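One chain is shown next in structure tokens, namely the form predicted on its own.
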Amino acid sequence: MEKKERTIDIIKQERKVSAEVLEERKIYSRNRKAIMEVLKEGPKTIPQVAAETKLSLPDTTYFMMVLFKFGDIVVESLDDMDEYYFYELKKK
């Protein structure tokens, strides 16, 4: 019996992902991993994470909001001046 090709494999062969998209995906994965590593040490604010990862504040905010949206991080508390939230990794 002849082995059938899966539809997803056929689609992958026909629709190639551009190099630009692959590069953006690598950057996202690298930044996400860096933020997750920093948060393993304990709850931190966005500026603290930006300082430790050496990412810009807007980029850090963007990536942390994505992590928050998808439930990878949660708000732990608010700082004493009610200015910044502390984020931590979601306990699984």
Partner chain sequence: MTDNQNAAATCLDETRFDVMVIGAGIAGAESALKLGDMGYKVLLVEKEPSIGGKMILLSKVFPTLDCAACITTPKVSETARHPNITIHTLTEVETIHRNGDRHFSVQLKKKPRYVVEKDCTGCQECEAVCPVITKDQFQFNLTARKAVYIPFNIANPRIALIDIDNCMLCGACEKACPSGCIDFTQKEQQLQITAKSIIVATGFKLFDPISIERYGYGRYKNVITSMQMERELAPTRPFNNVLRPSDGKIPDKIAYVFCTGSRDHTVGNPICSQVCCMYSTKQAQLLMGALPMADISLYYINIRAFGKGYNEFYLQAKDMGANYVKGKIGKITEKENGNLILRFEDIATGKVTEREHDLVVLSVGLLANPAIVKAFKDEKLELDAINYVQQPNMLQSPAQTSIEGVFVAGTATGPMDIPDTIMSAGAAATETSSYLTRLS
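Keep in mind that what you see is a predicted model, and the values were worked out from it rather than measured. Numbering follows the first chain given and starts at 1.
In what follows, reference is made to the form predicted in complex with the partner chain, a form of this protein that is not presented.
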Decide whether residue 47 counts as a contact residue for the partner chain in the predicted bound form under a heavy atom distance cut-off of 4.5 Å. yes
Contact of residue 14 with the partner chain in the predicted bound form (heavy atom, 4.5 Å): yes
Any of the heavy atoms of residue 38 lying within 4.5 Å of the partner chain in the predicted bound form? no
Residue-level question: is residue 66 within 4.5 Å of the partner chain in the predicted bound form, judged on heavy atoms? yes
With the partner chain taken in the predicted bound form, which residues across 59-90 come within 4.5 angstroms through any non-hydrogen atom? 61, 62, 63, 65, 66, 68, 69, 70, 75, 78, 82, 83, 84, 85, 87
